[in-house]
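In the block that follows, a single chain appears as structure tokens, in the form predicted on its own.
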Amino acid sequence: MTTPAIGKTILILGARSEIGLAVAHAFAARGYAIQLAARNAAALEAEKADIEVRFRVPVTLHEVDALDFAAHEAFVGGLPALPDVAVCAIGTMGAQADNEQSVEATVMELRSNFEGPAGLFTVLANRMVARGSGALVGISSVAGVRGRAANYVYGSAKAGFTAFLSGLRNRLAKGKTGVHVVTVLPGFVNTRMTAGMDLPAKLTAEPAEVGAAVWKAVERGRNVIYVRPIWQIVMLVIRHIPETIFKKLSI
């Protein structure tokens, strides 16, 4: 039986996403107070009330724009408490056909999936280091493991975020700061973002699976996790395909 996390708090960045809410539910079930942060956070009133009633934990709503870099410090400083755990589920996945034809669309994809999350985690990491404890969890993507024609703009943004999380984890571990960084590579997840895609069932997780995996990763101090272990094998194969062959494939 899991011991309730009395007095602990988790911040969910990108809380309107199905993954963000699933993570909130997983931690609320363990007694964490919940901070839901998103653009137009007021629209999460129903979700706030549901979590409060279902899990009997306090929930607060917080307005955040990941691309308003000048406001990152004030956002973190304005939270009712510096969270014990912060999870970044912020991200977009625009159509590759649009991204590759538009500089503006490409830049927005890169900033939304990499720069904004990295900026927020920089502020949170520094404040957690000053306190001497904390965990940062970044939801990245297997798309960042190797660039593919089908989604290389999105994939390159996630590759940048994955590298950022790796470097941040290395920095904080070397300094013995008491702050740990987890990288989550979910693979396909059945959400609005993937609606309409023909996804293989064995490779496709439900949001609740991601939430449970994030909880276990934080609890066990994991570094990098694939929500479904089969993805580790799939990406190992893809990573080692010679470039002369890889560029001819449609995967």
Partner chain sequence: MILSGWGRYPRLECAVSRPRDIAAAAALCAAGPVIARGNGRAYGDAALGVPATLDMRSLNRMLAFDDAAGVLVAEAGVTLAEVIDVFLPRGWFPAVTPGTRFVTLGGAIAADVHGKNHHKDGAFSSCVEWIELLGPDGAVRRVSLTEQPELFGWTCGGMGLTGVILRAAIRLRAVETGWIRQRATPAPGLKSAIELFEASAEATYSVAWIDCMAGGGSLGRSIVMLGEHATRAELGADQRADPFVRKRKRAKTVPFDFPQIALNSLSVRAFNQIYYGVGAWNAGESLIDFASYFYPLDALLEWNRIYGRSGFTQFQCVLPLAASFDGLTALLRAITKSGQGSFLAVLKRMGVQQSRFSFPMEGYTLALDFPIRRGTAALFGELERIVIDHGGRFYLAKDAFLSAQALRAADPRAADFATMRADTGTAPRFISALSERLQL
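Residue numbers count along the first chain shown, from 1. Just so it is clear, the structure is predicted and the values come from calculations on it, not from any experiment.
What comes next is about the form predicted in complex with its partner chain, which is not displayed.
Considering its partner chain in the predicted complex, the lone stretch of 217-225, 28-36, 53-61, 180-188 in range is 53-61 [heavy atom distance within 4.5 Å]. The closest heavy atom approach of Ala70 to its partner chain in the predicted complex falls outside 4.5 Å. Interface residue remark: Ala49 is counted as part of the site for its partner chain in the predicted complex, having a heavy atom within 4.5 Å. Taking its partner chain as positioned in the predicted complex, the only residue of 16-31 that brings a heavy atom within 4.5 Å of it is Glu18.
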